[in-house]
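Only one chain comes next, encoded as structure tokens, the form predicted alone.
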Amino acid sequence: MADAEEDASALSSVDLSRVALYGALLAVMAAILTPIEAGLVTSFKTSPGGVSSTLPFAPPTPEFFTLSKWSAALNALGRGMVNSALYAIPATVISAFLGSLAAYGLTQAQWKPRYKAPLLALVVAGIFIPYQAVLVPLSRFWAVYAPLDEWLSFLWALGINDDYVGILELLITHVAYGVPICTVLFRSYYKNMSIEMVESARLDGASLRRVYRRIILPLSTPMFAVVLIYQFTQIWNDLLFALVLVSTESSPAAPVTLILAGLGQSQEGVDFPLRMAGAFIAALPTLAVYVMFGEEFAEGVAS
């Protein structure tokens, strides 16, 4: 009888702990998904009648339902999404590749410690420089020390709009700002990588470049997925550098975040359904990147 009571008590405690765990998970899921649900249903409402006549989390009634906000948001953001892709994709790939090369040199190359340690400290320090601290030096750098609009004047003579120099400035800026974090991520991955194959290749006379190309690079696919997802999300969602280097949403080079910041604003007020539709459209590329590299991302994080 005593054993039966102890088993029942243990089973009850296990059930209660499981219920508490599931309850906490459901609460976290609700906290994350509720704002997304509210924004999604708002994007299908007419403005201002649908917004003011329905609850924030309630779907629109038939008389207040519309798809026009999505088509209007797509038309407004189409140019910005192309501009963002023009610098976000190359900046992501270049910074990931340079970070991989730098991390390979810091882990596999035979350097003297007195040289390697200061260089690593310099790379790590680059991660902790906030965006706000470099805004004035950044704008002065592109205006005074590296005036691309003057250096590339031969392109403007061919009929290319010189406003697009902002895209090139954003590309180079994000590469420079992304290399330190990419280097640190790859370095942690390479330090935990088995070095037997690398040592065998070196014994066979393989150079550092060949070891990287034939061994390190193919084994780096999971970490490349992690870095590409992280970098692309950071670059695509950036607004601060775009405000400094492009300035206005009316510019032909305006990225999607700059256009989205002013979407739906008018003298009559804010068109919240249009803004919500624009926010979901602007988030689609980052979601697509997560879907494409999700499996490799999980493998890279686990390693």
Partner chain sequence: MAELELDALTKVFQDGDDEVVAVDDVSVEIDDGEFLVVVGPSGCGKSTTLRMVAGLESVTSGRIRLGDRIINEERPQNRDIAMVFQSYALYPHMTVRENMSFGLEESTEMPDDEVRERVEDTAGLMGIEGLLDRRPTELSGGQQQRVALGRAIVRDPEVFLMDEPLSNLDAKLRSQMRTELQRLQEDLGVTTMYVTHDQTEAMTMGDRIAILDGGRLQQVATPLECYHEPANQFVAGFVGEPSMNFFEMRYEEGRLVGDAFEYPLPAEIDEAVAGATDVVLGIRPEAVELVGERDGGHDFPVVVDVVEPMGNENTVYLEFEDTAETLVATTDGMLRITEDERVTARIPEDAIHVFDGTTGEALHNRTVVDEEVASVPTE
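As the structure is a computational prediction, the values presented were derived from the model and not from experiment. Residue numbers count along the first chain shown, from 1.
FYI, the form predicted in complex with its partner chain isn't displayed, but the following is about it.
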Next item on the list: With its partner chain left out of view, choose which of N192, Q110, S71, N161 has a non-hydrogen atom within 4.5 angstroms of it in the model of the complex.
Entry: Q110
Note to self: Give me the residue from L86, L98, L155, A201 that has a heavy atom within 4.5 Å of its partner chain in the model of the complex.
What the structure shows: A201
Margin query: Each of G205, R214 and P218 having a non-hydrogen atom within 4.5 Å of its partner chain in the model of the complex: is that the case here?
Written below: yes
Check: its partner chain isn't shown here, but in the model of the complex, which of 170 to 178, 128 to 136, 218 to 226, 101 to 109 has heavy atoms within 4.5 Å of it?
Finding: 218 to 226
Check: So in the model of the complex, does any heavy atom of M197 sit within 4.5 Å of its partner chain?
Finding: yes
Checklist line | 4.5 Å heavy atom contact, R210 to its partner chain in the model of the complex | finding: yes
Next item on the list: Would you give me the residues of 237 to 251 that have any heavy atom within 4.5 Å of its partner chain in the model of the complex, in order from first to last?
Entry: none
